[in-house]
Ligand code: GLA
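This document starts with one chain, in the form predicted alone, laid out as structure tokens.
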Amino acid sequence: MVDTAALRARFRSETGADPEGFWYGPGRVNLIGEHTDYNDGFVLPFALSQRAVVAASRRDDGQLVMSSLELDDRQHIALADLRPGTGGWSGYLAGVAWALQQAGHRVGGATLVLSSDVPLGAGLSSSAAIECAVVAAFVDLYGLDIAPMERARFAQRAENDYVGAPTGLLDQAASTLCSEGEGLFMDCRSLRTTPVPLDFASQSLELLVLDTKTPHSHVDGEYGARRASCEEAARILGLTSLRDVEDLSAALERLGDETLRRRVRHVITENERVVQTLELARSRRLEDLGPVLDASHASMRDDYEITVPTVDLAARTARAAGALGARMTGGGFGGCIIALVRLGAAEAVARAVERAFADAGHGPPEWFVATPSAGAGRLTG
């Protein structure tokens, strides 16, 4: 949990005053729906209790003064000097001010002190958490009238156009629009969203999130290759996107390349699994979600080819240790798995994976039990 007292103390040491407020943006985990977003498909993420928090106040000198508690670093830049391509941690904050300015919103300077407990490099959207916290801060500090989905778009633009990371909207939408105890079903074509009840505890369940601590290798090139193969398959099939495939068997017959067939099969069946998960959640049958998670992992491993040995070992071991189902979550090539377990069993399953990793010569994973939490906003109290 972020220590707001430490944030306040750092803010006071830099400015001599208390901040006007504290704003947060949560990390997110994708329950199901991987690599469906850029195919106009369906996703079902939820926000985590782990979050980025900024202590913030307005400035009248046109400057952005940004500090990171964890990095013990301080950066400053004039609003007039903001330019896309700024790297480093401060780009995720400055990019928000730039995106708002580019859209014509009247924003002034700000002092921003950041702290975050969203794990870095784990595929849990630590960058989106920062961006969404800063969007929330600027909206309140400068009285901006911006709807939630548009807030997510500004956060995405900060990451895409200012920082230069080609992410979809899923991360920022989850960090902004989610509600406590619920997931967010999103149609990535229409951007329509629907809250989905995810009360695991009331159904005697827990969702374990386990970070394999596997470095992401060649993710950008592999991600681009997967996306290009989907676009090529859609072109051959004469479709706008793979979302429009109506008969999977007929589509596979028309594709001569085996790799393209596997990629299409993953996308279409993953969309079906998202819809199936939505139905299970609405009917309070989350206990039946295990096989759906397993099928998603198998599809990512065999058809989309985005898992790695440590991730496969973690999912396999979790099932053997009693998990009802397990799958990789996130873009792939490392990162986290999620495992659906009986209430109170998360630690035993995590310890089993830890032992399996030690036996295989891997470093210890990190883990926690996920709690579906509220989207970005202002802290009270």
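Position 1 is the first residue in the sequence shown; the rest follow in order. Only a predicted model underlies this, so the values are computations on that prediction, with no experimental measurement involved.
Beyond the structure shown, there is the form predicted together with the named molecule, which is absent from this document and is the topic of what follows.
- Exactly one of the stretches 335 to 343, 53 to 61, 25 to 33, 315 to 323 approaches the named molecule in the model of the complex with heavy atoms within 4.5 Å, and it is 25 to 33.
- When you look in the model of the complex, the only residue of A97, L177, L169, A233 with a non-hydrogen atom within 4.5 Å of the named molecule is L169.
- Contact annotation: G330 falls within 4.5 Å of the named molecule in the model of the complex, judged by heavy atom distances.
- Contact check for D37: a non-hydrogen atom falls within 4.5 Å of the named molecule in the model of the complex.
- In the model of the complex, F200 stays away from the named molecule, with no heavy atom inside 4.5 Å.
- Shown alone here, W89 lies farther than 4.5 Å from the named molecule in the model of the complex, counting heavy atoms only.
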